[in-house]
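In structure tokens, one chain follows: the form predicted alone.
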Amino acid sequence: MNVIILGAGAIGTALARAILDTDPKAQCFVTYYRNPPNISHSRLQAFQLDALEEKSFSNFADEIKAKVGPIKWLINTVGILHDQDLHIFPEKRLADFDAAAFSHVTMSNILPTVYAAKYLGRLFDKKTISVFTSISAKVGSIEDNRLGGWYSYRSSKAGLNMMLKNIAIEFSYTNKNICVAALHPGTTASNLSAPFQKNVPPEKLFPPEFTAGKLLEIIKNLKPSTSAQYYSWDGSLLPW
């Protein structure tokens, strides 16, 4: 079973460990931008990838096709909520909105999924059920938005959800066995959530290992008939 995990952050690394620990036949291919994943295993390979550059994805797809063979699962964990170096933080009010920050957050949270579908989608195994998923966020739900704020992040995740819906429809014509899903991981202890963890009750701040286990429970139960769904970490469906 060939599994691609885009992004070697807290959730991506925990997913790789969990997959390798529970499936002796799994081969994991993990991508990273600057820092290689903090994991070593005989059935894991790491690839440097700029997830915002189309050419980088094209080259990566060619390498996977030549060396790996059909893909069983693809899980995209690449995304951004804040970046201190770029002075990007979630907006509390309209006065905080910045077009350049909005553009960067939007591209960072949408392009990796689109490029993955464009260049890696044709490499999925057509003989058995396969999975294409991306980490979304509950705050991307339009119907569930009751607090406002976080303009760029909310909009980017809503845009990601729409892309996943579109991708699911197109894939249904080209490969009937692909299941597409948007996954909300809950608040996970990671660099992404670090500035906001003090406001999270301890029981709602999940270790990456817990999050990985819950997401894998969802992924393992996906079927073509349930493609194009939006799942929370506990398996419940979220409104788009």
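None of these values were measured; they are calculated from a predicted model. Just count from 1 along the sequence shown to find any residue number.
Below, we refer to the form predicted together with a small molecule, which is not included among the displayed structures.
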{"item": "Of 52, 26, 61, 46, the one that lies within 4.5 Å of the small molecule in the predicted bound form (heavy atoms)", "value": "52"}
{"item": "Location of the small molecule contact in the predicted bound form, chosen stretch of 116 to 124, 163 to 171, 78 to 86, 91 to 99 [non-hydrogen atom, 4.5 Å]", "value": "78 to 86"}
{"item": "Exercise: residue 11 in contact with the small molecule in the predicted bound form, heavy atom 4.5 Å", "value": "yes"}
{"item": "4.5 Å heavy atom contact, residue 152 to the small molecule in the predicted bound form", "value": "no"}
{"item": "Exercise: residue 187 in contact with the small molecule in the predicted bound form, heavy atom 4.5 Å", "value": "yes"}
{"item": "Distance check, residue 199 to the small molecule in the predicted bound form, heavy atom within 4.5 Å", "value": "no"}
